[in-house]
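Only one chain is shown below, in structure tokens, and it's the form predicted alone.
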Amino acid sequence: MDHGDGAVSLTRLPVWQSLAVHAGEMRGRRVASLFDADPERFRRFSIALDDLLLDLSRHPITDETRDLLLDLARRRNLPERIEDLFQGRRVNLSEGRPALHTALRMPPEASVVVDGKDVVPGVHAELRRMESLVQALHRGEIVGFDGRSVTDVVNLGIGGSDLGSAMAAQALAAYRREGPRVHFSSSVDGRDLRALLQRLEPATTLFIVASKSFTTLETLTQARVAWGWVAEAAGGREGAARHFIGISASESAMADFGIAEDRRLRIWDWVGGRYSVSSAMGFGLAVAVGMDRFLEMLAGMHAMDRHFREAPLKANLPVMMGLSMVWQLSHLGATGHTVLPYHPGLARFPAYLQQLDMESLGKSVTQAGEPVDYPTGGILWGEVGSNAQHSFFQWLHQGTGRAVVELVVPYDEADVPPEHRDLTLASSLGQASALMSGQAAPAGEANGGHRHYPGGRPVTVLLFRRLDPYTLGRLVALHEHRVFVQSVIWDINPFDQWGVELGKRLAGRVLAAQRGDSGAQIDGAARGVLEWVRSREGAGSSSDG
């Protein structure tokens, strides 16, 4: 049977309309009652992949829901689109290029041909160059202008050039190698970098300037400050150049900045920033944990890639996770997605996923540029689960909004005392039960009163054995592919970010106006703010008397 309905407007598909009708039926059903009616419900609505478990049984789904969602996936040509992604076809239509982050973690014997050239050998050549620099740093062979070995490495980047490595370095802190300390700085206002430089020595500090285009205003501003700091101590440009490594798709821009040829690490235009942690953009992470651990993370990513590409849709973790998000956001009224890792090492995982999810799915036109007439994406936020229970969980339990709650939980951390390990699992599962089932008000209090918990909140539970590089790689790739599934169903491009580009361009105009360009085209509100700020220059604070 032909399932090629990918070009048909989503809301006109009969299966989409059937889902809308089915959603009306499901709104009145409690998930707790579905468990009562089906003792096998957990088994049928959870998927295991080795030591990972995706549990969707607390979502308001039935066999009919799943069948309709899988039919929708086929009608939107999801299997073919997955293959397009892996084959290096131009899935990033608005920019006319592939999105080949999966090639960054393929084994050397793999092959992906783009424009007549196999990209995999180049990927592994760059990994070898990374490894050589990482090992040289760990052996103390990279020295500064006074001959001393590097003791501190500072990654200067923002967005995808910072978040991935910073998140992973924190997550894998238990695997940190002896050698240079690794720091991450992305704040453009200068205070973060200034505080960091006060603790470091110019002669023993190496800076990574990470920018795909090597024109990112925030990153280059930071880099110029760092360059001046080193050059002043080193006595000039030649000494400063020893303290910089560049990561970019632009060889010429790195050269113009002053990055020595043997200190330039390369990425490709088919690597999106928010998908780049498995590229040379992960260099700071590789320094922190060692190249062997970095490669273990890539192996975990590749394992999830293979699962996504090869597993049947019904048993495919990213596919079912993505379809459940479409069900919630497009049909059941959810407007958000909160990610709650019950592991302190994953404290920055929600922030990392914010960029991956919201930059990818924050779109309002189809691949063809036509306005959508259905919700896409949602607000993603999160916090370490044990902390969030004492902050915004109240909104999740009894607020009027609706969000998909994702609990990311270890179940066998060997280095954690049993009583803490047991409490972590009990806390997460207890919250999952409360969110799903709720609780009636006590006797004598009106049902719907202060102590009434409505329940019915959709909860995803993602269990993993322990947080190691391989598992972290699987978790990252799982969400990358989950986002791709949603984009295919909604027919939007998850690989561009034109809204971000507009903001950057207009920031440049405002900066020009600040520096005296009277012809800079900025809006009246921005001009008014600048004039107000100028009027306050030199004035004391409001407390000055």
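Keep in mind the model is a prediction, meaning the values are calculated, not measured. Quick note: we count residues from 1 along the sequence shown, nothing fancier.
In what follows, reference is made to the form predicted in complex with a small molecule, a form of this protein that is not presented.
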| query | finding |
| --- | --- |
| Option from 90-98, 258-266, 360-368, 209-217 whose residues, in the predicted complex, bring a heavy atom within 4.5 Å of the small molecule | 209-217 |
| Selected contact from 322, 282, 246, 160, since only one has a non-hydrogen atom within 4.5 angstroms of the small molecule in the predicted complex | 160 |
| Contacting member of 473, 341, 164, 273, with respect to the small molecule in the predicted complex [4.5 Å, heavy atom] | 273 |
| Output flag, 355, 500 and 504 jointly within 4.5 Å of the small molecule in the predicted complex, heavy atom basis | yes |
